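Let's start with one chain on its own, the form predicted alone, as structure tokens.
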Amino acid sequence: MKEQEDQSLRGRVLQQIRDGILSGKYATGDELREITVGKELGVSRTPVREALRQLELEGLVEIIPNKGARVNGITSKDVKDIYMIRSYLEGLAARWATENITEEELNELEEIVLLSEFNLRKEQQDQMVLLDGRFHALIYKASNSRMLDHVLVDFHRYVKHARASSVAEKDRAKKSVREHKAILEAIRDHDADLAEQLANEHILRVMENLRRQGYEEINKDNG
């Protein structure tokens, strides 16, 4: 029981610090001192130290001997790279989903698309962002590949603010729902080639929309 509680605490602290970096609460170049972050989160230094080590592996912080951790954050090039890599991997996930999706997962995808259409009419932006995340996460799961799921979930998390910015634009949100529906239909028809193509193009269109919006992380040269 104690071990489970420790793991839960470590996971919570890791998530809070990671979210702080990705949201801009901790800016690039900021120092993250174990004792300061621990007080802020109401925890001891140990889970903070473990979280910072994990975040160093993820490239979000740099641990400098005898000084502490410094935030690297996500640069504009990172965001561009993530979207380009995602375009290929999301296509692969959709392809594999056509081969492995269960009836229950297919029904859930259909429900997500229907809810997205409903919330689009109601202009419920927060719900649209949540449903967008659920749609993609379910396809990752339906691919039946733990490795692919893990990589894509991390990428999805790293650009969540860019995603929210895109979904917030009404015209893009409409197109996104239509694209999701087309991907769903291709998966339901077991058309792996089409599902892969549509998923690939969907991510590229999101990236292009962010460029047109002038979204700073996409538009800047090198962060």
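Keep in mind that this is a model prediction, so the values were computed, not measured. Heads up: residue numbers just count along the shown sequence, starting at 1. In this text, rigid core is short for the largest set of C-alphas that superpose within 1.5 Å between two forms.
Only in words, not in the display: the form predicted together with another copy of the chain, which the text now covers.
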- Message: So, residue 73 and another copy of the chain: in the predicted complex, are they within 4.5 Å at any heavy atom pair?
- Response: yes
- Are any of the heavy atoms in residue 119 no more than 4.5 Å from a heavy atom of another copy of the chain in the predicted complex? no
- Message: Given that another copy of the chain is not shown alongside this chain, does residue 136 nevertheless sit within 4.5 Å of it in the predicted complex, heavy atom to heavy atom?
- Response: no
- Message: Is it the case that residue 26, even though its partner is missing from this view, gets within 4.5 Å of another copy of the chain in the predicted complex, heavy atoms only?
- Response: no
- Among 106, 129, 92, 115, which has any heavy atom within 4.5 Å of another copy of the chain in the predicted complex? 92
- Item | Those residues of 23-62 which, in the predicted complex, come within 4.5 Å of another copy of the chain by heavy atom | 49, 50, 53, 54, 56, 57, 58, 59
- Honestly, after the rigid core fit, is residue 67 moving at least 2 Å at Cα between the shown form and the other one? yes
